[in-house]
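Starting off, we have a lone chain in the form predicted on its own, written out as structure tokens.
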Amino acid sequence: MAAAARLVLRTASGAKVLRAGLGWLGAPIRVPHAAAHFTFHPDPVPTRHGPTQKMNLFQSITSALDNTLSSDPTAVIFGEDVAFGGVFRCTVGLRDKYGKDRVFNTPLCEQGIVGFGIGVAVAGATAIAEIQFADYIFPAFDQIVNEAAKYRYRSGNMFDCGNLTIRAPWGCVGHGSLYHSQSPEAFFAHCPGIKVVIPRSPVQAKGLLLSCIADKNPCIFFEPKILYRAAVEQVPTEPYLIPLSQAEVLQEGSDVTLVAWGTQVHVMKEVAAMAQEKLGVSCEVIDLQTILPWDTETVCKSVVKTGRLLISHEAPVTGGFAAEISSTVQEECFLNLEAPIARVCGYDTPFPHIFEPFYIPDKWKCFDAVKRMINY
């Protein structure tokens, strides 16, 4: 698998291993010549859910899965390489703790992984399937869209596979190129019957994943892989839930609404700080969290207040989920808009390798969009 590969950057002084904030196969992180396009700032330590422990994002995923296996004797975790911990270490130690019948490897067949998960969920057990990269979820597209999403509807609610949760590493990582960098959430946003969730941080990841597992609808949980090690917070060790389909206002503002999800939330937080410092512009930052069904009320309420909206995501701009948000806000808030809605997204090209810094919607592109809206 490409997941086991190492990227080598040739320099005048010889070969350097470029990790870009992510250690393949759990190796130590070394980033001698690379810098992320964002800065991660942890949220305040949560106080409502008991004692906390320092965790990065992949450890918070492990904690959520551990909580589930401990409390639900029917829960099983399966996917490519999950038995030894997975290429991103999200299931490390779980097979040893719970046994090979509850945490086990599958063949390299994404269609089979999801099809098996549907059967497990229909039988009444809790199925947690891992697709090793979101880029490889497409062989399972038919099983997700035509089977999992429609199972309850076609049986008149006599049967369902609501106990199915599909996890997948998602988004750009600094060196993933065409097949390890994609953000396919918009493909699934067009499909009634499933929920699509993307967290921004370790605390959110654990709470939202546990909510997906508990939800009685099949859920797709995309995990920003660049944050697996780069994002570190104090995370509650006990299980807790964060409601699905509720966006979170991270920073209140009066002039521009900034909407994003996953890694891009941290870019938008930097844009808000730049706009305040350089332009005196007050930005409201919203983390959408759930892509389907999304929280129209929170976003529209903010736009009514600010009169301007900027949406940003890593996926290509054409047909991206920003277009759905833009259309809905235009319909609901047309008379409140002070400027055209702006989308700052990836280009309509395959995800590049060496040109990734030019492809991603970084803070400078978003900041320029804010300036254009303010000067409109």
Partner chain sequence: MAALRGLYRTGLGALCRRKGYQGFGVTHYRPFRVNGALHQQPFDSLEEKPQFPGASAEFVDRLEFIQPNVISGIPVYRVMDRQGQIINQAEDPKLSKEMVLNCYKKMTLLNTMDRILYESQRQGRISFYMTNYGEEGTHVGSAAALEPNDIIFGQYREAGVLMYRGFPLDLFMAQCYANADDLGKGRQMPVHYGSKDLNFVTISSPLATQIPQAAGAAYAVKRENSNRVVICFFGEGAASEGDAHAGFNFSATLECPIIFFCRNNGYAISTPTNEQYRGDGIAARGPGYGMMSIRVDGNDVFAVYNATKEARRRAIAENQPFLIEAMTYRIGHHSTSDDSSAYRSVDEVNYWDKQDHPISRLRHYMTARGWWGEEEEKTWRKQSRKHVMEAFERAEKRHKPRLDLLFSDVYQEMTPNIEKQKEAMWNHLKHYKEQYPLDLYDK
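What you are looking at is a predicted structure, and each value in this text was computed from that prediction instead of being measured. Positions refer to the first chain, counted from 1.
From this point on, the text means the form predicted in complex with its partner chain, which you will not see here.
**Q** Give a yes/no on whether Gly93 approaches its partner chain to within 4.5 Å in the predicted complex, heavy atoms considered.
**A** Although its partner chain is absent here, Gly93 would stay clear of it in the predicted complex, with no heavy atoms inside 4.5 Å.
**Q** Check Arg102 for me: does it contact its partner chain in the predicted complex (non-hydrogen atoms, 4.5 angstroms)?
**A** Yes - in the predicted complex, heavy atoms of Arg102 and its partner chain come within 4.5 Å of each other.
**Q** Using heavy atoms and a 4.5 Å limit, would one call Glu332 a contact residue for its partner chain in the predicted complex?
**A** Yes, Glu332 is a contact residue.
**Q** Taking the shortest heavy atom distance, is Gly115 within 4.5 Å of its partner chain in the predicted complex?
**A** Close contact exists here: in the predicted complex, Gly115 approaches its partner chain to within 4.5 Å, heavy atoms only.
**Q** Spot the stretch among 82-90, 67-75, 263-271, 302-310 with residues whose non-hydrogen atoms come within 4.5 Å of its partner chain in the predicted complex.
**A** Of the stretches listed, the one contacting the partner is 67-75.
**Q** Are all three residues Gly320, Pro350 and Glu356 in contact with its partner chain in the predicted complex, where contact means a non-hydrogen atom within 4.5 Å?
**A** No, the candidate spot makes no contact with its partner chain.
**Q** Which of Ile194, Ala230, Ile242, Ala168 has a heavy atom within 4.5 Å of its partner chain in the predicted complex?
**A** Looking at Ile194, Ala230, Ile242, Ala168 one by one, just Ile194 meets the 4.5 Å heavy-atom criterion.
**Q** So which of Thr298, Ser177, Ser211, Gln143 gets a non-hydrogen atom within 4.5 Å of its partner chain in the predicted complex?
**A** Comparing distances to its partner chain in the predicted complex, the residue within 4.5 Å is Gln143.
**Q** Which residues within 142-160 place at least one heavy atom within 4.5 Å of its partner chain in the predicted complex?
**A** Result: Asp142, Gln143, Asn146, Glu147, Ala149, Tyr151, Arg152, Tyr153, Arg154, Ser155, Gly156, Asn157, Met158, Phe159.
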